[in-house]
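One chain comes next, on its own, written as structure tokens: the form predicted on its own.
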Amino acid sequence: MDYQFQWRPVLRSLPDLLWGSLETVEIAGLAMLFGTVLAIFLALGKRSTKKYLIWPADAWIETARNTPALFQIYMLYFGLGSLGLQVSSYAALLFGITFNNAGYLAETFRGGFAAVPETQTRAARSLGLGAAQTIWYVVLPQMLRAVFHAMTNQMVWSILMSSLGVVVGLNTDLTGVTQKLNVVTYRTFEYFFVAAALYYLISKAFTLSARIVAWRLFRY
């Protein structure tokens, strides 16, 4: 093996990689936020007795969980583009991860709702709370506590899934910046090694932060 490692170009490009990392965190965070909100409604729809709520929730969840995330992003970028609806690379990636997150989190939340004893709901209603107030003040906090660690895993998955943006031309996130620098310098191993290390550090930093939050919120 006569490959000569050259780390100096990578070190000079480290600020660009760090800026790309910030966009990666931004995309993953927004996709997680939007996905969580949508997943709550999907989970409630699945638990409903009304078919017009169950069927759309079922269709979303089944599609998100049983088709590749890459295809979902392709459909948003190339599929809508072929129909004359132009979507930016950033938006296609963000909406694609959001769609995927919502599908997976909906099933997680459905299990979380089932973990809240029915007596909690009946007690809240007996105290005069309406249906929406019962869900907001009584059921949701207990459900989110039950699924907090699963949500942490989904956030890490969102961070890693953001690397798929490169296939639709996004070149401002961590993978996109890495690919752009690699094309210019041909230092493939060095750049992607550092990018992988940054993904690892981002994921571990978020996991550690989530553990601290869980300890502060759920220690009693």
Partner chain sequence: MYFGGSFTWGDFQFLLSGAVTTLSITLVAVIIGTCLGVLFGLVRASSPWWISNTLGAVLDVFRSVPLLIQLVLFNSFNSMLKLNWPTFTVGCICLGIYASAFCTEIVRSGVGAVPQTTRRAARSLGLSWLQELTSITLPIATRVVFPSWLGLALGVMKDTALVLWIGIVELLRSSQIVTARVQEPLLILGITGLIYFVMSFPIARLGNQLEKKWGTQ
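Residue numbers count along the first chain shown, from 1. A quick note: this is a predicted structure, and the numbers were derived from the prediction, not measured.
The form predicted in complex with the partner chain exists for this protein as well; it is not shown, and the discussion that follows is about that form.
**Student:** Verify the flagged residues M75, L83 and L164 against the partner chain in the predicted bound form: is each one within 4.5 Å by a non-hydrogen atom?
**Tutor:** So, yes: the whole triplet contacts the partner chain.
**Student:** Among 114-122, 75-83, 89-97, 138-146, which stretch has residues with heavy atoms no more than 4.5 Å from the partner chain in the predicted bound form?
**Tutor:** Contact criterion met by 75-83 only.
**Student:** Go through V25, A196, L17, A210 and name the one with a heavy atom inside 4.5 Å of the partner chain in the predicted bound form.
**Tutor:** Partner contact (heavy atom, 4.5 Å) among the options: A196.
**Student:** Is L44 close enough to the partner chain in the predicted bound form to count, meaning some heavy atom within 4.5 Å?
**Tutor:** Contact check for L44: no, nothing within 4.5 Å of the partner chain in the predicted bound form.
**Student:** State yes or no: in the predicted bound form, is some non-hydrogen atom of K51 no more than 4.5 angstroms from a non-hydrogen atom of the partner chain?
**Tutor:** Although the partner chain is absent here, K51 would stay clear of it in the predicted bound form, with no heavy atoms inside 4.5 Å.
**Student:** Look up in the predicted bound form whether F189 has a non-hydrogen atom within 4.5 angstroms of the partner chain, and give yes or no.
**Tutor:** Within the cut-off, so yes.
**Student:** Is there a non-hydrogen atom of S21 within 4.5 angstroms of a non-hydrogen atom of the partner chain in the predicted bound form?
**Tutor:** Outside the cut-off, so no.
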